[in-house]
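The chain below stands alone and is given as structure tokens, in the form predicted on its own.
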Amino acid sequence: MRTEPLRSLAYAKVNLSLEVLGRRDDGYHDIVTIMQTVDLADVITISASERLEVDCDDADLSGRQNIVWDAAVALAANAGIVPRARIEVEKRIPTAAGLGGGSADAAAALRGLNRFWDLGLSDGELLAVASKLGSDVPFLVTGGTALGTGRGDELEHTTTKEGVRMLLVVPPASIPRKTPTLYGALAVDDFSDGSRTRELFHSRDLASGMISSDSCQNAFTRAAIEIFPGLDDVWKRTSGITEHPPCLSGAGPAFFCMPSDQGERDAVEETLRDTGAMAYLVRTINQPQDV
């Protein structure tokens, strides 16, 4: 076990495209989605402790209620050791926004604790632990660009150009039980067969970094705009400025426009100033860079 602190970066993900095929017998839904990590990241700091501690700069996310706690317990159980570490979470990814912030923290904790505890587990072994924590966690262990099928946890990775800039807009909107609420609000016309997302995943535009949000889609768009307070206004104001149209990420309310640049981000930030929405210029990344 290491004695000096270790930092692990938890990168946000964007769903470049997301189709919902239908409800499964187990109560979940089958989806086809393209997931992409971007350089907006939380910071996970791991240091020595005689017991397991999880502290977050958002007090509501400290202790056992943080998925990082579950990740540490699961990894320790897999290795047959007692989970001893102090894990500090510095939040930079907006929570409950459709950007996978909690899942990213869990994935970064798994990577970091694997090194901190000198476990020497392979990516495949980490993925086996990650799969028990949530649908997005396995993807976020390795990051990059991947097609997610099933519940989103059956992954096919591909190589794409890194550093594509996108505008990320996060409205200050939240609803209780977001994910089940959004799934429950889907209508027949919101379902599809996944073919458009699969075609985009195998396209030259995606591989070369020439993809634009014009080509992207999300099955939750209609429902999200209807359900999230203020999202419709933020969406319309943004689309009136950007060259490429907005596309929802995950179940929202965050959305993106791509490609983009600093001037476009600044213009959107100005027009959204009275809404409380945040605008970020982020870049796609292909592999987590822990420090």
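Position 1 is the first residue in the sequence shown; the rest follow in order. Computed from a predicted model, the values in this text were never measured in an experiment.
Heads up, the form predicted in complex with a small molecule isn't pictured, but that's what we're talking about next.
Engineer: Just to confirm, Val54 within 4.5 Å of the small molecule in the model of the complex by heavy atoms?
Structural biologist: Residue-level check for Val54: no, no contact with the small molecule.
Engineer: With the partner left out here, check for me: in the model of the complex, does some heavy atom of Pro180 sit within 4.5 Å of the small molecule?
Structural biologist: Flag for Pro180 set to yes.
Engineer: Might Arg92 be said to contact the small molecule in the model of the complex, defining contact as any heavy atom within 4.5 Å?
Structural biologist: It does not: once the small molecule is placed as it appears in the model of the complex, Arg92 has no heavy atom within 4.5 Å of it.
Engineer: State yes or no: in the model of the complex, is some non-hydrogen atom of Arg151 no more than 4.5 angstroms from a non-hydrogen atom of the small molecule?
Structural biologist: Residue-level check for Arg151: yes, a contact with the small molecule.
Engineer: Counting any heavy atom within 4.5 Å as contact, can you tell me which stretch out of 58-66, 255-263, 28-36, 229-237 lines the small molecule in the model of the complex?
Structural biologist: Result of the contact check: 28-36.
Engineer: Counting non-hydrogen atoms within 4.5 angstroms of the small molecule in the model of the complex, say which of Thr160, Ser213, Asn114, Ser135 makes the cut.
Structural biologist: Of the candidates Thr160, Ser213, Asn114, Ser135, Ser135 is the one lying within 4.5 Å of the small molecule in the model of the complex.
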